[in-house]
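Shown here is one chain on its own, the form predicted on its own, set out as structure tokens.
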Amino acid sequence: MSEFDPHALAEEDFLEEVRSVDFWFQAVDGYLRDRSYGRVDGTPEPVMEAGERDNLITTLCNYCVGETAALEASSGLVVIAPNRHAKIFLATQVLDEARHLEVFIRRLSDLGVEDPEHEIELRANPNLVRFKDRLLEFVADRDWDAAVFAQNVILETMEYTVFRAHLQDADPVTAQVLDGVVKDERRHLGFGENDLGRRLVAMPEKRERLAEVRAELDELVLVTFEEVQDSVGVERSARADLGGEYLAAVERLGLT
């Protein structure tokens, strides 16, 4: 029997399927079952050099800033979402982002951080904090297109690519945590591109507004992207490909 392909459905049926709580539950159950706080029980904690541990703590603190931004923005977007399918999907994203924040904070605790919230505030990348503030302003202004673009295209693409790169060289526990988060980010990114793509086909005049948002946020995103990759230890030779994923997402929406 061939696998079910939701893309073969008519548009309304497709949205009913992939933005449902049932679809979300089946997806996350497939890769989170039997994983407490994103990790397999019994996986030994690796021995780390002091510098390696410190870099990982800084990296995780910034992951927490990004996940907090997405958690707060997603919850606000539920209120202003233009239709039921988007509201339901964003409700599942709120829970995803809450879980991400929780597992990263638990990982900080595993590494000996006694007050994760205080450590996050100390180590937060200023550009990422500025991005978070701007994203939440879009939500407060009920600017659906700008907020979805900033969160589900820009932020999710950056997280998706950085998390995947980090996963390749991460210690076993952190890699397990990141593996589940990456799978969620792919779904969030798909929602953003799909929603905005449909809206831009129907209302192409909105491209001008999103191009303005991109121009405003590009510098914050790309500088943050570089700095986070430094802390993760991504080789310079790999960065063009990673940055290219963000540019490709923008190009698919016709915002070059």
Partner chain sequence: MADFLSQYSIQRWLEMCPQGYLEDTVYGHSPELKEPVILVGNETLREESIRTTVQLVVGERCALAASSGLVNAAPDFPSKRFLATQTLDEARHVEIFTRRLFDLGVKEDDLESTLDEFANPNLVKFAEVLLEKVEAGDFIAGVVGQNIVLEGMAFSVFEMLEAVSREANPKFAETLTGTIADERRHVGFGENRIGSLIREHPERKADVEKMQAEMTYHMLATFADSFRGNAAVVEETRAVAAAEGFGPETAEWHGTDLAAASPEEMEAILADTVLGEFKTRLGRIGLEYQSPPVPA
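Here the structure is a predicted model, which is why all the values come from computation and not from measurement. Numbering follows the first chain given and starts at 1.
Not pictured, yet referred to below: the form predicted together with its partner chain.
Participant: Is the gap between A211 and its partner chain in the predicted bound form 4.5 Å or less for some heavy atom pair?
Facilitator: Because no heavy atom of A211 falls inside 4.5 Å of its partner chain in the predicted bound form, the answer is no.
Participant: Taking any heavy atom pair closer than or equal to 4.5 Å as contact, tell me whether L32 reaches its partner chain in the predicted bound form.
Facilitator: Yes.
Participant: Is L122 one of the residues lying within 4.5 Å of its partner chain in the predicted bound form, judged by heavy atom distances?
Facilitator: No, L122 stays farther than 4.5 Å from its partner chain in the predicted bound form.
Participant: May I ask you to check whether F225 falls inside a 4.5 Å heavy atom distance of its partner chain in the predicted bound form?
Facilitator: Flag for F225 set to no.
Participant: 123-131, 143-151, 69-77, 107-115: which one contacts its partner chain in the predicted bound form at 4.5 Å, heavy atom to heavy atom?
Facilitator: Going through the listed ranges, the match is 69-77.
Participant: Need the contact residues for 96-127: heavy atom within 4.5 Å of its partner chain in the predicted bound form, sequence order, or none if there are none.
Facilitator: Residues within 4.5 Å: A98, R99, L101, E102, I105, E117.
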